[in-house]
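A single chain, nothing else alongside it, follows as structure tokens in the form predicted on its own.
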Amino acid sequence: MKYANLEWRDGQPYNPEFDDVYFSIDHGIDETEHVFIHHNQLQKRFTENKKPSFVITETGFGSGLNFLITVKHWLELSEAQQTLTFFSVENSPFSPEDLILAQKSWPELSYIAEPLQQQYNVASDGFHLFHLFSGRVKLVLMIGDVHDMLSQMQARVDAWFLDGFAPGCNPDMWSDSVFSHIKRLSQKDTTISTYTAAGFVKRALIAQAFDVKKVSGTGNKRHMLTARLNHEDALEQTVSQPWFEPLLHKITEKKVTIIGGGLAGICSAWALVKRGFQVEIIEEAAEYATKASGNPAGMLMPRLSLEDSADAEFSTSAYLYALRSLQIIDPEQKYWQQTGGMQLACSERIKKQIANFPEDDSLVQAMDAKQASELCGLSIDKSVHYFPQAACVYPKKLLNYMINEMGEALSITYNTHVDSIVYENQQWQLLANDEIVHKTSCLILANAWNIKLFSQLKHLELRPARGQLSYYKANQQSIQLKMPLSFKAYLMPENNGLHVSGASFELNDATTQLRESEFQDNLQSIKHEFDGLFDKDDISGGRASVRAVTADRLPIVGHVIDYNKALNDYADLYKGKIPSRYPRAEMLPGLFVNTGYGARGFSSTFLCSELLAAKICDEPLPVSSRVRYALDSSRFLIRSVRKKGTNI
């Protein structure tokens, strides 16, 4: 990802690469009103809209002017319970500093611009989700090539703003592949408006079955184009991977039951309560967050990669979204602190990342040992990656606050074990010893690795992994630590006289008794980096819990595939037939899953829970298709059937 290389000319941002300005300093607002608001009839459509949401997609976010003006009208004209979802593609986004400077040109829009500026961070390619104005507005910034980003998008768009630089300056923004994706993402009565009146743009839209008109322009532009998709028969949809594009079962009432009262369950409830759902959590323990979610402290840092992969995109997008979520939930930082954090160069993989990862001051900075030591408070003898926005999180306190904030929309039933689930009469029956303990039409399984105990989830490659923490009494040296450090273990700053460190990783071990051998292993990991910081007598207890770990180290989020039907439908997938030869996946109605976070729950769960809620509500999805596929619960089964002769 690269920020826009701007030149400022008389207070106006200019892009030398495309030899063009981003907006008119004198008439920018008027031009946006004329081209995009008026010619998409947005004021009328916002007022008359009866749907829960309205979706706009823009090619070229630039300074954000079109977004700000659209939000202004949306807040004035729409119903309070409706949501504007605004997707915008940008290959070279403004830096945070340039965005603030540009948006100072419109002081009358500052009440919209400032909430965006407070959250704005797009320090990596991919999809970035922002919630504004108590959820009335969702902005999804898609950072990357326009063709790549639109190909990864799933939504039904109501209106398009085609606002790239002029076709002669930036032809990639106006290619046939872009227009084909515009068609794919449109629906009947979708409208388009654009500054340009170029003939090839008009012909390209007509070729995609849009009705196109040339109308009066504004400013120095004599003409511009508008378009509408009026032909329902032009909307035949094809999918590239039907096994990941399920046939949806509509959720008819806003009630859901969740099995599991840990981080995944509570974050799932949070995302749904924001959408007006009534949620009941079924928890087998006597209180919430008794497993890994109940650790006294945790660090929030991303997992970087030098590869362009779904894993890498997900990790960074989820990390940045988690930070935005925490800021919204707890702006006073009572239950988390944005301290920054460091990853020490403790392996060849990390050393390569420090040497080669593209630096962005807001995401990650490479530091030598001297700089790192001065910043973190302890003596470090290695280079590090410094994450200036990383945080310390206090899980149980934060989850307790979230539970209280959900109020009567959330109920939790404790001391209730569920050992099987059965679908009967359009409801899921939750059973214990063959006795029904609860019924629901919509069920989310968020009970970590115990999900595997349900027969419907037997195909998941999910295993328990025991982890034991150690608590150390703070001393004069250790209290100098200002931020969490990650090495072969991790070490948290002092809190209430103790440091938290760990954790062991024992795969396929689900026991929770404390072990002296793991206390010693944790201590040796610290001594390897900070000899003399602690000794055996400083150990002041610990905690063991069990994580849910997937084979590919990615969470599992979304619908649950009908396993037996999938085996039949995709049995010959290994033969390499074209995807259109296969049916769309059949999912078990009203059954969803949210698990598999391993040791990175807080950096992943907020975005995954938002994705899950969007799937349940059939909303535009806030992540790219490749990320969505990488998290899909069907992925393990599909990988198996692609290998001829594999036992499944």
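Here the structure is a predicted model, which is why all the values come from computation and not from measurement. All residue numbers refer to positions in the sequence shown, first residue = 1.
One more form of this protein should be noted, the form predicted together with a small molecule, which is absent from this view; the next part is about it.
With the partner removed from view, the residue among Gly126, Pro302, Gly261, Pro555 that has a non-hydrogen atom within 4.5 Å of the small molecule in the predicted bound form turns out to be Gly261. Taken together, the three residues Leu320, Ser362 and Arg628 lack any non-hydrogen atom within 4.5 angstroms of the small molecule in the predicted bound form. This chain is displayed without the small molecule, yet in the predicted bound form the stretch 281-289 from 345-353, 207-215, 281-289, 574-582 comes within 4.5 Å of it by heavy atoms.
Residue contact check for Cys617: none of its heavy atoms lie within 4.5 Å of the small molecule in the predicted bound form. In the predicted bound form, at least one heavy atom of His417 sits within 4.5 Å of the small molecule.
In the predicted bound form, the small molecule sits beyond 4.5 Å of every heavy atom of Thr339.
Among residues of the shown chain, Ser186 is not one whose heavy atoms approach the small molecule to within 4.5 Å in the predicted bound form.
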